[in-house]
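A lone chain, given as structure tokens: the form predicted on its own.
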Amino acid sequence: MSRADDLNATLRRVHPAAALNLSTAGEGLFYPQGIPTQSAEARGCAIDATIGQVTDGHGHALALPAIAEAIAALDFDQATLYAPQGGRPDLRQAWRAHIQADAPAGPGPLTLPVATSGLTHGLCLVATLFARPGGTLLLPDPCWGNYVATFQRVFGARPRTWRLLRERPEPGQALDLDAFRAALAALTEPSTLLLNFPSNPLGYSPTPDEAAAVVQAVDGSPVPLVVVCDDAYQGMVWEPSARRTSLFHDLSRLDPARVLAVKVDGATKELFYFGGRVGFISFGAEGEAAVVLEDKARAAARATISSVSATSQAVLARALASPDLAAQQQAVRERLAGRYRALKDELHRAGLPSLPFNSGMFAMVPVPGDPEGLRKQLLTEGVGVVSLPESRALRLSYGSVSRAEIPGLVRAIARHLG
């Protein structure tokens, strides 16, 4: 019996009226025993490498000064009155300029971003617009588990996966492009494709050649595609051999008869403003298409949350205007890059293999036996990690571990796997 079946059986027993009125989505929903649950179990551990947010390594925020100063200088009306539907106009314009500044070949087709309550809400808006019961959602394997919860359990889409990494990945040739091309070739109806670089949970970004091959494969798809770029970890790339900018910029230039590129991003990771919950959804479209898609996204947002927090938007708008913002971002990124290099070195020193990682804030360590059993054993030793049983691996987040704690984290795992 599945977790959802178990919950439904309990509800039928203790509250028949609720059980008999559950929607199809309601019947399929259950709170997964995944990353949030495992992170909660790791609270209080001396070393907590579970949660995908950046801290000083001891649970405290590494807020950018521009964010902290903006909070202190909040305008009372801007912080307490309703924000406009779709987001503050000045913030939407500022975020559009932020996206365009990152385009390697100059700005391409891009709508005015619509503000969302975090990136998960942005993905929910994508699903509201494009997920159909029984329709295909093409996902990499491994990927973030919440994609399935949103697109399949709530909206009824049918996930299909392709193997993200080659069986024997090599430097510069890690992505399984043949598997990707085969997955596209097998499509028989308009579908949604989700790309996530730097990836969660893998912590990998493609090389420029790999990125070009992905775009070329999308361009040759046998069916029209909506290609969603989950750019949560945009800019967190630690190796010069990896592409730093989003594939959205290339995808948005493809034939609109064949491809719609959608960008979901936000301040959560890019500006290390985790509690602000301000994200954006943007489309690679222009002219009348841009007007229609923005209208539909704003309507979907109104139907789910109405408007995004005015307080968080006011903070973000002020921070984006700071002339020091880019330097402040870079300072935190350099701190993360130091943790990345330390983790690479310690894994090598301990003789522990890892899947290729070069960006974001995660690394995956293969586990020959039972990853969940190992996670629970490490909990008893004061070490928190995330188990991914379907991938037979542990996920380590170096975003939430100080550089000084990384040797202890690796030693603890090596005692069981070394």
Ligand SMILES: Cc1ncc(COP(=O)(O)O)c(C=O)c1O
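Residues carry their position along the shown sequence, with the first being 1. Just so it is clear, the model here is predicted, and its values are computed rather than measured.
Here the subject shifts to the form predicted in complex with the named molecule, a form of this protein not shown in this document.
Mapping the unseen interface onto this chain, residue 92 falls outside it, with no heavy atom inside 4.5 Å of the named molecule in the predicted bound form. The shortest heavy atom separation between residue 151 and the named molecule in the predicted bound form exceeds 4.5 Å. Contact between residue 118 and the named molecule in the predicted bound form is found at the 4.5 Å heavy atom cutoff. Heavy atoms of residue 250 never reach within 4.5 Å of the named molecule in the predicted bound form, leaving it off the interface. Although the partner is absent from the chain shown here, 123, 144 and 230 each have a heavy atom within 4.5 Å of the named molecule in the predicted bound form. Note on the partner interface in the predicted bound form: the residue among 313, 192, 246, 268 having a heavy atom within 4.5 angstroms of the named molecule is 268. When you look in the predicted bound form, the only residue of 111, 136, 234, 196 with a non-hydrogen atom within 4.5 Å of the named molecule is 196. Heavy atoms within 4.5 Å of the named molecule in the predicted bound form belong, among the stretches 251-259, 152-160, 179-187, 268-276, to residues of 268-276.
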